[in-house]
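One chain comes next, on its own, written as structure tokens: the form predicted on its own.
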Amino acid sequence: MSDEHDHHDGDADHELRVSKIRDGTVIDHVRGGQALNVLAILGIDGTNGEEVSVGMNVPSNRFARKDIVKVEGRELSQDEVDVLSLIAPDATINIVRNYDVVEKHRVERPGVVEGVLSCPNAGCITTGDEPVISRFSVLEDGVRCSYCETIVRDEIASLIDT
């Protein structure tokens, strides 16, 4: 028999099989365990009926494990990609139209992000009642508040304003 489910030749049995999306975005090569943070950044919690496929901690050639997120019917804005780069600096963004990948690019970390993170320093001018938009310089291993100089290296995802 040549049914594809019956053959057992090497890697075919170990492939990740997730259905293709017709139109939307595939975020690939996300560090293992970060897919739910990716969904949070995108404001996707399942209540608006978005079609989303998530693979978590799947085998990867580039990393030991990776996550992958597929969002049907949505192309990411540059602002969304910039924020994603903070928690998924090695991610690849694939734009899909009519089942074909029409754009594919690696995320690039911006030098600065504005209005997307909350400073964890309670004394920072951005956390009070002042109408000041947060601004962070993006470092190699974290971010630094442009106002109070607080550096954040871990848990950046918890500071994202959604």
Partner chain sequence: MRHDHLITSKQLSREDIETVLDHASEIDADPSSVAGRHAETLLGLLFFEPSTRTKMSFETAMKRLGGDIVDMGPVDSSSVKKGETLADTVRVIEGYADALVVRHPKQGAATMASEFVDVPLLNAGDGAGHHPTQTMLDLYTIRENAGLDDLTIGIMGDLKYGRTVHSLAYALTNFETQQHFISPESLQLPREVVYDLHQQQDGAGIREHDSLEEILPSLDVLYVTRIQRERFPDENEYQKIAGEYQIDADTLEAASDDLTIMHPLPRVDEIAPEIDETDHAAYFEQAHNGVPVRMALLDLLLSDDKGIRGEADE
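Just so we're clear, the structure is a prediction, and the values are computed from it rather than from any experiment. Residue numbers count along the first chain shown, from 1.
Below: the form predicted in complex with its partner chain, not depicted.
Only one of 52 to 60, 119 to 127, 102 to 110, 39 to 47 places residue heavy atoms within 4.5 angstroms of its partner chain in the predicted complex, namely 119 to 127. Within this chain, residue 115 is remote from the site of its partner chain in the predicted complex, having no heavy atom within 4.5 Å. Although the partner is absent here, residue 31 is not a contact residue: none of its heavy atoms lies within 4.5 angstroms of its partner chain in the predicted complex.
In the predicted complex, its partner chain lies within 4.5 Å of some heavy atom of residue 149.
Contact annotation: residue 132 falls within 4.5 Å of its partner chain in the predicted complex, judged by heavy atom distances.
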